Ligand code: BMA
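Okay, so here's just one chain, in structure tokens, the form predicted alone.
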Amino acid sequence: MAGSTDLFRRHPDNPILTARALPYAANTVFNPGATEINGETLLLMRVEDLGGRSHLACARSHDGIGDWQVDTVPILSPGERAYPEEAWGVEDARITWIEERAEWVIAYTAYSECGPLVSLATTKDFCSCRRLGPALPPENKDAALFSRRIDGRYCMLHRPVPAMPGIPAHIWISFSPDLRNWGGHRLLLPTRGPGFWDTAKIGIAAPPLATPAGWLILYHGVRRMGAGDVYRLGLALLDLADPTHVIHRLNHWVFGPEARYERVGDTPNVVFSCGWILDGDEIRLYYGAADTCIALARASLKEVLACLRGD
């Protein structure tokens, strides 16, 4: 079995996507949601333009590694009058296929002078999408949906930020009958105390992955260091029938910034994932590196679950 910090192995071609792959000028690409459609891997990338605002654009690849084809027009852009909550940008999309709806639901951060909030949109083809509008008010972000209803309700993980300075930000879970009205809010995963890698704030990374052992949760954790914040990734497991019940949570991170492209960039020392794809036993983890480029790491689901269980 792989060791806990080498469960996810970097692809030798990293970074697999940079702003140079875009058919138009931009500063950076990072933090992509991920899914498969029509036999291709699709990444819903956060693209920061030369003005500093972010939009969401689709990139497609037959093998999920190279030869990326990027759409010439973003699928979600800020600036529409009907959506003033997006005036400063749309960011960090998580994609979840909802079988009963026969469509993908996109949870993303809408940013404006009011602060960041959670918005939702749906799509059947990633050629266009339908905005559902804000789901949770500011200040909130890092949202992802579960792939099926539980007890008749949709479930969403998210990360509200306390208004009081110095209070850490934790992962919460909320429920909805219709994707529009959310309630039943409760704390799910708290940050840990001083000295831990996830002591300053945490947030969901890729959407929860249903496995026979439970809902596999990947989350980012932040520790404030003398030279700035360090973003790493950790794992937890939730009960399939009751996702408010945490079965396991690792004390240590499983993936952190080591390579130069993860340590040097617009925001140094960051690995930040919004999407992964399960193909048989292989997990393909797509992540933003240093808020500058997109990279890929792979892991065995069997090894990941064994690590969580302490086998």
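We number the residues from 1 along the sequence you see. These numbers were taken from a predicted model, which means no experiment stands behind them.
Quick note: we don't show the form predicted together with beta-D-mannopyranose (BMA), though the next part is all about it.
Residues placing heavy atoms within 4.5 Å of beta-D-mannopyranose (BMA) in the predicted bound form fall in a single listed stretch, namely 267-275, out of 267-275, 245-253, 58-66, 34-42. Although the partner is absent here, Asp92 sits close enough that one of its heavy atoms falls within 4.5 Å of beta-D-mannopyranose (BMA) in the predicted bound form.
Interface residue remark: Tyr219 is not counted as part of the site for beta-D-mannopyranose (BMA) in the predicted bound form, having no heavy atom within 4.5 Å.
Not displayed here, beta-D-mannopyranose (BMA) is kept clear of Glu303 by more than 4.5 Å at the level of heavy atoms in the predicted bound form. Shown alone here, Tyr231 lies within 4.5 Å of beta-D-mannopyranose (BMA) in the predicted bound form, counting heavy atoms only.
Contacts between 190-210 and beta-D-mannopyranose (BMA), taken as any heavy atom within 4.5 Å in the predicted bound form, involve only Lys201.
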